[in-house]
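Shown below, as structure tokens, is a lone chain in the form predicted on its own; questions about how it binds or moves come after it.
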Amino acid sequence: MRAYGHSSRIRKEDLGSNNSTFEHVGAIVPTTAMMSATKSSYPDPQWWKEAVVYQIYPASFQSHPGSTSGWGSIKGITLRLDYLKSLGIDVVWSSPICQSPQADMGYDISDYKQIDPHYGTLNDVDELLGELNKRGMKLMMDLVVNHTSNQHPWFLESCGSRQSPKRDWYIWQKPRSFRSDGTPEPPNNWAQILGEANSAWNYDEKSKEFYLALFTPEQPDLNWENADVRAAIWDVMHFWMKRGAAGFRMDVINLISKVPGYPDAEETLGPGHKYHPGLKYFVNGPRLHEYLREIHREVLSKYDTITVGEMPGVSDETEILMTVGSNSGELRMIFIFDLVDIDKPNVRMALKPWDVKEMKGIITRWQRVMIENNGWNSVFIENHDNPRSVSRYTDDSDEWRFKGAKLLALMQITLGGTLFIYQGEEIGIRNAPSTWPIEEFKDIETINYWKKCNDLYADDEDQMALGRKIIDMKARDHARTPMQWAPVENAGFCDPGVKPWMRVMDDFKTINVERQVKGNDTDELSVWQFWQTALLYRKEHADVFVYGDFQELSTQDPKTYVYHRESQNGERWLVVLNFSRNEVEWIMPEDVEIDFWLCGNYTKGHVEKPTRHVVSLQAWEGILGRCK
């Protein structure tokens, strides 16, 4: 989901640098050095390590024939399974499809065991599961249990009165104080995550108390301190696992434990802001690992699962290894957000400069950390909460967008971890153009941000221009435009004559699945064909690209990213990537010699390049070679 920066956690600040362990909720947790000393399980084969996961944003993926809603559907997903199978996909992860008022596009669930009418029915899910099974594929559900919808029966009962049996299923607090006119003040100064101009606390007139809703008022946070809440969540998880799901992507799962007392946040947004990010007090809170181990013990340990936790705001190695270490008893892997947060200062809807060396440093760091400490990575650069990768990390102009998209594909298929592809990434969909009027943007975060800009800067032309620039570069809407299937009306997303819920990108007649699957008569592969071929290479050489060792060879180079991967039996491959619009030369180390260059993003098949000494690269060029 989500939109916040790194937290400054409070529980370890007083620990000395020489401590070999620290106490965390009654457990003795090994440090990185201790983990390194144990026998590595990193290369141990597991199906969920080698799986290629494809994320579907159901509202925008595919509607089914005869539907007039303008929304994607579960039947639409089922219609496209052969397409996904041909691409090389093993696991389909769908963003939430459960019943929801859609205040935040399904991340506000009002019934965990029913399907939202926009998408279909439970019978449609059963059909989808059956068709996936026929193709040897699996389904990963999106589990949203930090919060519910304010229309969920649990919350409706909770806010009924202070004496309600479910009152403490949510987080209620009395006002901190009252203004002179009697208006109650919220319990602390935490800002709402999807609209930092607003308080994260919402006043209930009936019971005269505030409830915590970190994201929007329509998404009240569950009180995980309550054992009955946790038992209800285990019941939901069992429901979906028994129905045939293979596991869960867990939405903002590192927010489920809050620091008791709800202290005020530091005033990091500066003067003029009444509310500030309270990350320090709810990101990886004091009981998080206790709860994650309980999830594993009560549910996950009973099935052969794939699990990935969405855990923005944390970059501490020891903290992350406590969750994804091979013996952690918590989750298989998490989404580490350092790379997709590379251009974010303290809040998501803002900008900061970055360069290729910073990008390389992030990727190399987490490759090495997991290899050295028996952890496991997720590999991703796109999802439903981030702009398009070709626009963010390369050049999305008509001249270079295809080269950039294939460069990013080559990088991802050669990195260790479980690979996640987001819908449309495989054809190089880019951000919406800056010429779109603001009314085309539908996301609650964008709407709240633009309202804030108008409230604060309506008379400041430069600030308003900056606000629009941030939307053009960072809005979540960019990832949510309808899938571009064919050069026909509505891009084949929904029937002709039906208005899609969100505007289709203007370039759908030239950028679409139909055209890219067929390819063309030029000497290079389309983005889709490149992905399909590259995924075959990854699977054929999983011992290298999934499980192998990783060493960067270009740490000081400002434009290229070069690394080699090596399997346990000594098979070595070299990856050379030029992240610039300029032609560059990379000087090979004396001990590196290439047997052959297998592929690149400029040509079909093998690449003709020198095998020793100096390699020249064109703009945004990437090549993959087998070492002697």
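What you see is a predicted model; the values in this text were computed from it and never measured. Numbering starts at 1 and runs along the sequence shown.
Keep in mind that the form predicted in complex with a small molecule is not shown, yet the notes after this line are about it.
Enquirer: Could you tell me if all three of 104, 147 and 215 have a heavy atom no more than 4.5 Å from the small molecule in the model of the complex?
Expert: Yes, because 104, 147 and 215 each have a heavy atom that approaches the small molecule to within 4.5 Å in the model of the complex.
Enquirer: Heavy atoms, 4.5 Å, the small molecule in the model of the complex: which of 286 to 294, 357 to 365, 476 to 484, 423 to 431 makes the cut? Say which one.
Expert: This holds for exactly one stretch, 476 to 484.
Enquirer: Using heavy atoms only and a 4.5 Å cut-off, determine which of 341, 319, 116, 251 is in contact with the small molecule in the model of the complex.
Expert: The residue in contact is 251.
Enquirer: Answer with one of 124, 472, 396, 310: the residue that has a non-hydrogen atom within 4.5 Å of the small molecule in the model of the complex.
Expert: By the 4.5 Å criterion, the partner-contacting residue is 310.
Enquirer: Given that the small molecule is not shown alongside this chain, does residue 194 nevertheless sit within 4.5 Å of it in the model of the complex, heavy atom to heavy atom?
Expert: Yes - in the model of the complex, heavy atoms of residue 194 and the small molecule come within 4.5 Å of each other.
Enquirer: Even though the partner isn't displayed, in the model of the complex is residue 373 close enough to the small molecule, meaning a heavy atom within 4.5 Å?
Expert: Residue-level check for residue 373: no, no contact with the small molecule.
Enquirer: With the partner left out of view, is residue 73 within 4.5 angstroms of the small molecule in the model of the complex by any non-hydrogen atom?
Expert: Residue 73: no, not in contact with the small molecule in the model of the complex.
Enquirer: Report yes if any heavy atom of residue 230 sits within 4.5 Å of a heavy atom of the small molecule in the model of the complex; otherwise report no.
Expert: Although the small molecule is absent here, residue 230 would stay clear of it in the model of the complex, with no heavy atoms inside 4.5 Å.
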